[in-house]
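Read the single chain below, which is given as structure tokens and is the form predicted on its own.
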């Protein structure tokens, strides 16, 4: 159970910034780098265990069979209770899609052409590191360390290679800091404003639910291993409701699909509260004993009657009433949210409003009841972050920071002192994943910007690099995988030796540290030592979990209470220990004490001259089943399945523009334009169009993808991106 008097050990931001990692001082020195890096090398023949490294809630476990140093078998672990012997279509042929792919970068490269042109020549490691180090020394002497900026995210979620040694390196250097808020922080901030930063439900418990709302999540596509538990609940009589402006594959399988206007979900949640309170459907005992601010909430939601909410959301008033009644009357009820809804300017407010519903109905009393959100805080409690967190101990918080959402602005800001002169990119592909894509590419094209990229393939970002270094894949290094979407920890063992001259992220930063003459021991800690120290914990959740057992079995489940119903009697990790419908601390910080709907003006409401030119909302969901963010979007097998990106448009909007199914169209706004084929479909509501996220611009007509059209503004709280507030016009291209 969470201890309300104990401060959270780790936030979503630190979960990313820390690289989910743990370590201690070793007392070792720079000259023994390579020996440390390969400590505990892989067998030439046999079976090893590992786990998926992707930014995905499932974190699937696998086993690898090798013979004579080559992978001969790759499959899911069959006895894992959550992933249940199945890998997704993105990863089921991973060794051949990535590790052995003929286009994989296996040797260091140095740019010979124009930035963005993609022309390089081979260079040896020693020469490349020396040249980079020499240029960095000049930058450090002339401009200072703030002229250096890292850019990374969750290209791997392993505790070692995500941001462990690299985080220490940049903190020691005194480089500008990167705020890694692009995904998750906004949702967590909103939910935390009501129930605190805890883990309210574990995913398997959704099988006990009898009323399931999948709110803004395409579970079948982006959370595949949760879906069997949803189906199990349905086989036992659960009703499945999907709330999503798109008719996704998940929505098509639901019992009821509601399609609100994007960005209006907070109004829907507040409208449900209005009905639940007005009709006395709330759990009076739970509200009285385990919540605060009910009186203020009751008065506040009077502003959200069904008729008004219907005007805001585009739903029928009766739909709102029925949804509220069914949700309040059915036990246990579960609301499952993910990340998509946070990508609006009102994203935190949206999650805050939704998070209040289970407290109102007393859903927290029951196994399978409440809100299924993220699980990372369990690992924050369980694992040895205290000894690990060297980065935050040595980092100077007064050094300037840049939000990764606004990397384009950071690289092109004319009056920035000092300007960013060196950019080191790893675990990310900003030319594809960052908003305001054309501004990002303009920044990357600067000839005076030293750009270093650690990669597997020639990505759109790597094409702008001065130097590219080959990174190891998950089959070639040690790592430890926790999860933000389930409750299992997995040890990733190297199955084969690194191919070519590939080196891990951690090894790259050890080598660069040595080349720069940095002597601090913490920069040279070995991968295995980091893992062992991270697992050294006496927390009850870690009972009987050790390095040796993980090496033998591959995975272990955190030892959670069974049943796991942490808020059945309150005990929320908030300042009051209760579910806070009204937050005193937020009010004191100048933020509304109550959850509210912050309107995003629709194109019809905002008739300014600039915005009237772009009458359609654009959303860019992760709808490509075989891509993961921007990963796999260059691989023939995955491209053959995805075929091509489409603009989805409603027949009403298509008819107004004389657009027919299959036409080539130009989608444009003041930031850029994208050209692609159109799909006229009822799967999207009128007034909204959709382009899938993850396609590389270099592989699309005209060299632009969805993020050429997305804004780089920030959300109301949490520092996330308002991707889905983009507005566009669509025109048929006459060939």
Ligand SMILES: Nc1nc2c(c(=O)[nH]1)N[C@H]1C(S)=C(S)[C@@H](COP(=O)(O)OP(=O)(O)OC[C@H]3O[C@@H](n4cnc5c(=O)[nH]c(N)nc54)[C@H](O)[C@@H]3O)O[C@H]1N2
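Positions refer to the first chain, counted from 1. Small disclaimer: the values here were computed from a predicted structure and weren't measured.
From this point on, the text means the form predicted together with the ligand, which you will not see here.
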query: The ligand in the model of the complex: contacting segment from 200 to 208, 612 to 620, 324 to 332, 580 to 588, heavy atom within 4.5 Å; finding: 612 to 620
query: Contact test in the model of the complex: residue 352 vs the ligand, heavy atoms, 4.5 Å; finding: no
query: The ligand contact in the model of the complex: residue 403, any heavy atom under 4.5 Å; finding: no
query: In the model of the complex, residue 260 touching the ligand (heavy atom, 4.5 Å); finding: yes
query: Proximity of residue 338 to the ligand in the model of the complex, heavy atoms at 4.5 Å; finding: yes
query: Proximity to the ligand in the model of the complex, single hit among 493, 526, 505, 481 (heavy atom within 4.5 Å); finding: 505
query: Contact residue in the model of the complex, chosen from 216, 193, 554, 368 - any heavy atom within 4.5 Å of the ligand; finding: 216
query: The ligand in the model of the complex - contacting residues of 137 to 164, heavy atom within 4.5 Å; finding: 153, 154, 155, 156
